[in-house]
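Next up is one chain by itself, shown in C-alpha cells, the form predicted alone.
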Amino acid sequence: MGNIWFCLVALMLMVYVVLDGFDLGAGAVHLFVAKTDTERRQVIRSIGPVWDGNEVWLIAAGGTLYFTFPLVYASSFSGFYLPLMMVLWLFVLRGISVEFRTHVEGPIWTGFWDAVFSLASLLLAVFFGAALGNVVRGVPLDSQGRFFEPLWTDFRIGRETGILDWYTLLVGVAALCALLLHGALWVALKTENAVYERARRLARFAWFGIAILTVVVTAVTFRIQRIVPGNFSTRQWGFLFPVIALAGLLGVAWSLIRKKDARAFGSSCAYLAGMLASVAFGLHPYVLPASTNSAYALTVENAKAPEYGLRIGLIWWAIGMFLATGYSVFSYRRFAGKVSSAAEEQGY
C-alpha cells in the first residue's frame, strides 16, 4: 500500500503543477505580454474561472500526504516552517491582487496590484522549484526524523545547508523558466491579437532557456543525489519518463513553429509531467532523503501510516478525486475558447 500511495501523492502533485503551473506562469508573464489595462484584464480573464480551483489540488495533495505519510508531513512542515509561511503569504497576495485591482478606479491602484500579482506568481514558481531541489538534494534529518534549515547559509552544499543554496536556486530558476513557458503557451491559447503575439514570442525565448536548464539540472542532479542514477541504472524502464519529458519539449518547439497552440500547450503539460515523474521515480523509495545519514532518511516503509488506514483511505480518496476531477473537467469545458479582448466586457 505504501508504494501505491507514493505514486498517488506524486500524481496529485503532478496534476497540481500542470494545472496551477500555467496560471502561475500567466501571472509571471502578465506584465510582459500585456501593456494596457484592457490587455491585462484579458490575461487575468484567461485564468480567472479556474485559478482558485487549480489550487484545490495542492490542498488535496497536502491532505493526502498527511494521512499516508504522517512522519514526512510532520517533519517537512516543521523543518520548512519559514518558507511555508512565505509561500502562504505569496498565495494571499496573489489572490487579493486579482480581486482588488478593480475595487478603486485609478492607474496607480491598478498598476500596483498588477505588479503584486506578477511578482507573487514569479516568486511562487521559484520557491516551489527550490522546495523540489531541497527534497532531491536531501535535508539534514536527525535520528528522530526532525530537521531545521535556515533560509540560507553560505549557498554551498554540505552539512550546514540552507533552504537556498546554489543547487536549489538552480532548480528554482529552471522551475520559473518552465512555468514561464507553460503560462505563455496558455495565454497564447486563450487570447488574441497583440497579447497572443507577445505570448508566443515570449514562449519561444523561454523554450531555449528551459531546454538548456533541463540538461544542466539533470546532469547536476545525477552528480549530487546518487539515489537517482542508481534507480535508473537498475530499473531501466524508468527512462520512459525522461523520454516523455523530452518528447514534450520537442513537441512544444514543433507546435510553436506551426502555430498549433493547443498542441504546444499539451506538449508543455507532457514535459512537466515527465520531469516530475522522473524525479519521483529517481527518488523512490525515499520520500524525504537525508543529507546527514542515509539511515535517517524517511522512506515509503518507515514513514507510512498503518496498513488498515491506508486501505480504508483509498476508498475515500477515490470518491474525493472523482468529485474534484469532475469539477475540473466541467470548469474547463464551461470556459473553453478564447477570452474576449473587448474593453467593455465586465470582470477583472
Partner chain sequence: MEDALTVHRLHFAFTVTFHYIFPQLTMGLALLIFLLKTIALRRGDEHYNRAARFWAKIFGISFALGVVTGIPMEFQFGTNWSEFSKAAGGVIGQTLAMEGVFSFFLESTFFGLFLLGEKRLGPKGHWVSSLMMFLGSWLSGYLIVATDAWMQHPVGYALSPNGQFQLTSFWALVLNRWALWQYSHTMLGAVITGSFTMASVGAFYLLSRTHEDCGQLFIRLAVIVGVIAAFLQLFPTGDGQGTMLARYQPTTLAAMEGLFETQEGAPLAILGQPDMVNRRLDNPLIVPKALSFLTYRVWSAKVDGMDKFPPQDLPDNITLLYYSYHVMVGLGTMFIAVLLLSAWKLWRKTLYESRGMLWALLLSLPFPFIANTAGWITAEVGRQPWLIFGLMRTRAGVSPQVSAGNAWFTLIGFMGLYTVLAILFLFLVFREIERGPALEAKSA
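Quick caveat, the model's predicted, so the values are computed rather than measured. Numbering follows the first chain given and starts at 1.
A second form of this protein, the form predicted together with its partner chain, is not displayed here; the remarks below concern that form.
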Have a look at 215-223, 261-269, 85-93, 232-240 and name the one stretch with heavy atoms inside 4.5 Å of its partner chain in the model of the complex. 85-93
Among Ala60, Val300, Leu31, Ala290, which has at least one heavy atom within 4.5 Å of its partner chain in the model of the complex? Ala60
Residue (of Phe155, Trp254, Phe205, Tyr81) lying close to its partner chain in the model of the complex, criterion heavy atoms within 4.5 Å: Tyr81
Partner contact for Tyr196 in the model of the complex: its partner chain, 4.5 angstroms, heavy atom: no
Does any part of Trp166 reach within 4.5 Å of its partner chain in the model of the complex? Heavy atoms only, please. no
Would Glu99 show up as a contact with its partner chain in the model of the complex if we use heavy atoms at 4.5 Å? yes
Find out whether any non-hydrogen atom of Ala74 is located within 4.5 angstroms of its partner chain in the model of the complex, and reply yes or no. yes
Residues of stretch 199-227 in contact with its partner chain in the model of the complex (4.5 Å, non-hydrogen atom): none
